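Only one chain is shown below, in structure tokens, and it's the form predicted on its own.
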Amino acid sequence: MITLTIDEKKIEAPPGTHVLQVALANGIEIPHLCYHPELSVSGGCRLCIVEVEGYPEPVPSCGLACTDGLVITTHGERLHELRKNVLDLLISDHPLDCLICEKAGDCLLQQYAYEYGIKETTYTPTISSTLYQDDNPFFIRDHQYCILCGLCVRICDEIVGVHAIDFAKRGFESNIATPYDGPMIESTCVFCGNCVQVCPTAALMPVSRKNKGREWELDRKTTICGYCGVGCQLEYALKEGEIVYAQASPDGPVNGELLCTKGRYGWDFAHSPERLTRPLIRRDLAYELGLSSEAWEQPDTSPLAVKQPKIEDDFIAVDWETALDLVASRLAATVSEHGPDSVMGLSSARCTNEENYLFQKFIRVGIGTNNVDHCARL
């Protein structure tokens, strides 16, 4: 371990660790737009500049390696004016429509503009790119809000590994684009949405987020993704009890700020009118068990062959205890009459490893058969 001083505070850090990383880990806030702890250093935004004892000019702290005895100053009049000028330049090429921007309250550029007292640019306002791309059902690319921090490019390259986007053109015409600026669906994009999560402005926004209110109007619910047994932690943003969008929780022990396509976008079933919320029993079986007073015969046409069938035509809802008792009794009767090998168990990737272990133990020991498989093999 080495010892350095940041704002007169002695801090120990592993050799080679960057100053910004150490400062943030010790509760010392340094403004930054292009830095992310999981990505390589860019040094593009220049907001994280600090003064170093013995250095003639301020340097970006995101790429400054810690060395023993380093003395750092993170705030001061000179740094304040330099950062304010950087923000002024960014604002000069950025719409000032925070009043109607859905990213308001969760935009780093807005936050820093507030902290440094910038309400308008001192330069000639120019919006270099007005390109608006809604060529996929998952997220919108609104280039007028892009500050070219490169976070989306790096996470797509370094973490996801599909290289779907990169910097295109030069100077004021620079923008983030797919190859030949084709539709996103024709690129190598897997629509994981991790680029959307790391975007510090409204340049990348979920389609489901549009016209659903500002960030402070949304409630938050942290939960575990149910699509597989990995156990990724995610956070739902809700408006009046309905999910607006999903994102990874930064402190998730399994996944950090990363999610797959299913975890980030596959939640619309939660509000589907076709979602089953109670166990169902076929009407003829319900009559046989005395759960219904109406005699019923199964029609010749299967409900599965009917377009948009009405559930109540063929089934009645029962409580879970009744349903589980019925399944258990029928399963026991089948094993007793036809033997344990007449039963097969198919497990689910949406269960945890522990649940899958218990399931195969139930099939092998409780039922007495090795006819057990897993949906991931299908």
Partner chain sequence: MKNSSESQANKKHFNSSDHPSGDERFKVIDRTMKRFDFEKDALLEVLHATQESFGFLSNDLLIYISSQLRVPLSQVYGVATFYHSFTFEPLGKHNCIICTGTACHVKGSATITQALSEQFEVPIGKTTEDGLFSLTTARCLGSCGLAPVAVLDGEVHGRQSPQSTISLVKDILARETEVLEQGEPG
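Positions refer to the first chain, counted from 1. If you're wondering where the values come from, they're calculated on a predicted model, not measured in any experiment.
Another form, the form predicted together with the partner chain, is not on view; read the next lines as being about it.
Remark: P179 counts among the residues lining the partner chain in the model of the complex, judged by a heavy atom distance of 4.5 Å or less.
Within 4.5 Å of any heavy atom of the partner chain in the model of the complex lies no heavy atom of I281. Of the heavy atoms in E115, none are within 4.5 Å of the partner chain in the model of the complex. With a 4.5 Å cutoff on heavy atoms, K307 does not count as touching the partner chain in the model of the complex; it lies far away. Here is the short version: of H163, K262, H75, H143, the single residue with a heavy atom within 4.5 Å of the partner chain in the model of the complex is H163.
Only one of the listed residues (I224, A168, I159, V71) places a non-hydrogen atom within 4.5 angstroms of the partner chain in the model of the complex, and that residue is A168. Only one of 212-220, 193-201, 268-276, 170-178 lies within 4.5 Å of the partner chain in the model of the complex by heavy atoms, and it is 170-178.
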